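Listed next as structure tokens is one chain, alone, in the form predicted on its own.
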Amino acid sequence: MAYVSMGEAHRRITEYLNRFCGAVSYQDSPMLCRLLSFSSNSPSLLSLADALNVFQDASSLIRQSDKFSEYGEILAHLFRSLQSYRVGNLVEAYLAFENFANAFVQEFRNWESAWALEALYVVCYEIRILAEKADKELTSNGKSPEKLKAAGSLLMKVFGVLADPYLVFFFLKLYGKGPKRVGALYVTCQLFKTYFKLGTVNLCRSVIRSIETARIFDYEEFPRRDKVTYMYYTGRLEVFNENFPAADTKLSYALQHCNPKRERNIRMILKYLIPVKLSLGIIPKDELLQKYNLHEYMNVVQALRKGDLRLLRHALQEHEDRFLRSGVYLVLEKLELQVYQRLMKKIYIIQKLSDPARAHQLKLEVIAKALRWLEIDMDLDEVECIMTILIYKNLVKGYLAHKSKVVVLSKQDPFPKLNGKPVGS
């Protein structure tokens, strides 16, 4: 940290106070956003933090002016948070920022228009990011991480303010619309990120009900950015619930409406959409996987195309940690039934070329040999069990002749396509 004189520190703090009060007075939301963006590590905020650590008594400057003291509670907490953040005391920075956020939300609630909505977004984003950093500090010191959970409670409070039907009615009456309520979806997305990080995704349900069933919200009026994020997270929830048609609808919406320049976001969506599409029998092109660096799915896709069970299991084993972290491992593991179906189809096609009259009769011993060639050792009882499941799940049309150890295939469409429906539906 460069040397800062007492006079320079006084000047920097006074300049910030003037800019803050000016932004509020003139309803300059972009300026207010810049003044609150801790995680940007902007030179102006860092230099202010250095000044605060030199001057030490910024509260006296706030009290000296009626203009400043009007926002004294907000500014005092904000300055304490910035001081702690600058010296690396992240837990103290979070606690002070939480107090600032509560004071800011109360002030926002009193403002008659939604001019500071973007600034409220910054506060919601910063409280989550700061909580994650504070929890890392707590964990490194052998303490229980608890700040992200607290941030979730504060975000829920903000959501309540934006979704308050009385406030919405007030703005509808005053302005003919409810401008503050459009911020509810952004806060919802911050809540989703918090709950997913904490592993408490069940808490998303109550927020989803509020967004999707409350009459005060018109989904179409929300910003596209927030709708894409919302569909991404609700799509992920549907993946966890194994509701693949709903997951396909939501994640496809997110993909179609995502900014094409945001390749990282597109990749995040595809990480979940691809397993969903595969579960519905839709195989992506290799070019798509290569373009978005999704190489972990290359062998999974090839295994489905070839009916190669060995390749699928190898791909799952190779990328097990990645798939487990994403929560799609079990989804991909269930693709085995589709791989068996494709293997049966290959055997059927080969047999049809050599013996057309008996092509619809597949001996279990032939299937077992094909599996042994793939280095998968199964006895006939195990093969029979797999065939029974394939028939039950409607992946194979036909019946099992138990005594003769033969699968008798239907002569019409023996291997039905999924056509966008889950296996067994």
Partner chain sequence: MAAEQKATTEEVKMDLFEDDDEFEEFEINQDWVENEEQVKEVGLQWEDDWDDDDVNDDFSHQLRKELETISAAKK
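Numbering follows the first chain given and starts at 1. Given the structure is predicted, the values throughout are model-derived calculations rather than measurements.
Beyond the structure shown, there is the form predicted together with the partner chain, which is absent from this document and is the topic of what follows.
Only one of the listed residues (319, 77, 313, 277) places a non-hydrogen atom within 4.5 angstroms of the partner chain in the predicted complex, and that residue is 277.
Proximity to the partner chain in the predicted complex, taken as a non-hydrogen atom within 4.5 angstroms, holds for one residue of 157, 262, 334, 205, which is 262. For the candidate spot formed by 197, 350 and 353, every residue has a non-hydrogen atom within 4.5 angstroms of the partner chain in the predicted complex. The shortest heavy atom separation between residue 93 and the partner chain in the predicted complex exceeds 4.5 Å.
Within 4.5 Å of some heavy atom of the partner chain in the predicted complex lies at least one heavy atom of residue 281.
Contact annotation for residue 236: at least one heavy atom lies within 4.5 Å of the partner chain in the predicted complex.
In the predicted complex, at least one heavy atom of residue 256 sits within 4.5 Å of a heavy atom of the partner chain. With the partner omitted here, the stretch from 68-76, 133-141, 81-89, 96-104 that lies within 4.5 Å of the partner chain by heavy atoms in the predicted complex is 133-141. Scanning 305-331 for heavy atoms within 4.5 Å of the partner chain in the predicted complex gives 305, 306, 307, 308, 325, 326 in sequence order.
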